[in-house]
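Only one chain is given next, in structure tokens, and it is the form predicted on its own.
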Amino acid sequence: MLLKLAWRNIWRNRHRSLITMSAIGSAVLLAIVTVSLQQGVFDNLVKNLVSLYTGYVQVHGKGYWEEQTLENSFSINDTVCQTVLQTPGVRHITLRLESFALASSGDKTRGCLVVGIDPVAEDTITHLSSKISAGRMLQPTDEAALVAQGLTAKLGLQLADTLVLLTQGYFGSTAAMKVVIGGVLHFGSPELNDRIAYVPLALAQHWLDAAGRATSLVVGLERAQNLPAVAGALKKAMPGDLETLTWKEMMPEITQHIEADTAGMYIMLGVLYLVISFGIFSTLLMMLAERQREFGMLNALGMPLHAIARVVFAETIFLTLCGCLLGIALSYPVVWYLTRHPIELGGDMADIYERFGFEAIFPAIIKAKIFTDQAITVLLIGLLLAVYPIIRVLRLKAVEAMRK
């Protein structure tokens, strides 16, 4: 009976209730879309800069990440590879031999990163074949290269042209190699798109005079959520001359960017919820001011103050809950659309993002937790604000209230 009474009381002043619900719904809508966009952008960033190159976990020779030279490479050990592969949560592994080199064609030269890979194993982790815009995927015995689109453009090269690579080998001697461009890659990250080339691992080892050596062992996970457990297990299992690093440890600037941006978003959401709190509270104040006589008469007729307080509490929850449901109903199609049609930046803004190595698109992401978190937050605000009218009702004096 009390719930039915509370529901009917809401619609006694239809316009005020609808305005309050609309304000709450708009706040929930804005909060959900903001969080969905932010997490979508971060997931896209991690996908481009982590999944497509560094992987979630890497095993290196001690000190390699601080000084990325061939001297800090390690000898490929089948026991180590099997230990990593058998760690719970690990799906695939791949070995790489990386070296910075000078790429040239005619009178044009550019610095680049040359990565020796096992094409089959590499594709299982980074899905490299999906980034080929021209040509074909490498085979382990090929004497060819996959070259990023931006690098080929700067060198004026095309598919099937010859690329010259020059660097220093493992023993300090000059290492020079000519390879045919067997495929052209396109990455979402401008940083990768302008400076990377892949060759088969055996060819890279021969070119660099580093037979049986690798600079990194990249680990592919069954699920991204397994990262802490896998990293902890590998750090304990690896011998002393090898180190295990997660992508957060290898790229702390990305983690710092995510943390700073998340903090800014929480500040904005806090201001938004503060505004909505004032909206809900003003509705409660007007309701109390208009219904003092009504509450006094109900109490005089025998309705206990705690029953009146429960009705007022239920009214607040109904208002807040209806606003939350309205916000969720409005936000889902918006978020769904943004997942299918990400916001694409253009002009100077796109150039700024690409200069910092970020893809200039804003995709959203659909997660049930995002919707429920915002709704629960607003409901908690409603519960907190409902304390004031409850206290006022419990302190009510029937005679004084009826005189008002």
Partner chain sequence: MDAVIDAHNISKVYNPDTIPVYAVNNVHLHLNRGDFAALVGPSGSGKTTLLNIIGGLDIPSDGWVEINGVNITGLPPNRLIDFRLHNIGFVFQAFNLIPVLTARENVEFIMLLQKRPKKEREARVRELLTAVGLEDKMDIRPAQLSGGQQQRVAVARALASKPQFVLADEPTANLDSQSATALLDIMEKLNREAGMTFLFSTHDRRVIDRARRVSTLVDGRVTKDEPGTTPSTTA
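Residue numbers count along the first chain shown, from 1. Just so it is clear, the model here is predicted, and its values are computed rather than measured.
Not on display, but discussed next: the form predicted in complex with the partner chain.
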Quick one: is Asp161 in contact with the partner chain in the model of the complex, heavy atoms, 4.5 Å cut-off?
no
Residue contact check: Ala175 to the partner chain in the model of the complex, 4.5 Å heavy atom:
no
Would you please decide whether Asn299 lies within 4.5 angstroms of the partner chain in the model of the complex, comparing each non-hydrogen atom pair?
yes
Using a 4.5 angstroms cut-off on non-hydrogen atoms, would Asp123 count as touching the partner chain in the model of the complex?
no
So the partner chain isn't shown here. In the model of the complex, which residue out of Ala134, Leu325, Ile76, Met303 has a non-hydrogen atom within 4.5 Å of it?
Met303
Picking from Lys236, His127, Arg293, Arg223, the single residue whose non-hydrogen atoms come within 4.5 angstroms of the partner chain in the model of the complex is Arg293
Note that the partner chain is not shown here; using its position in the model of the complex, name the residues of 4-18 with a heavy atom within 4.5 Å of it, in sequence order.
Lys4, Leu5, Arg8, Asn9, Arg12
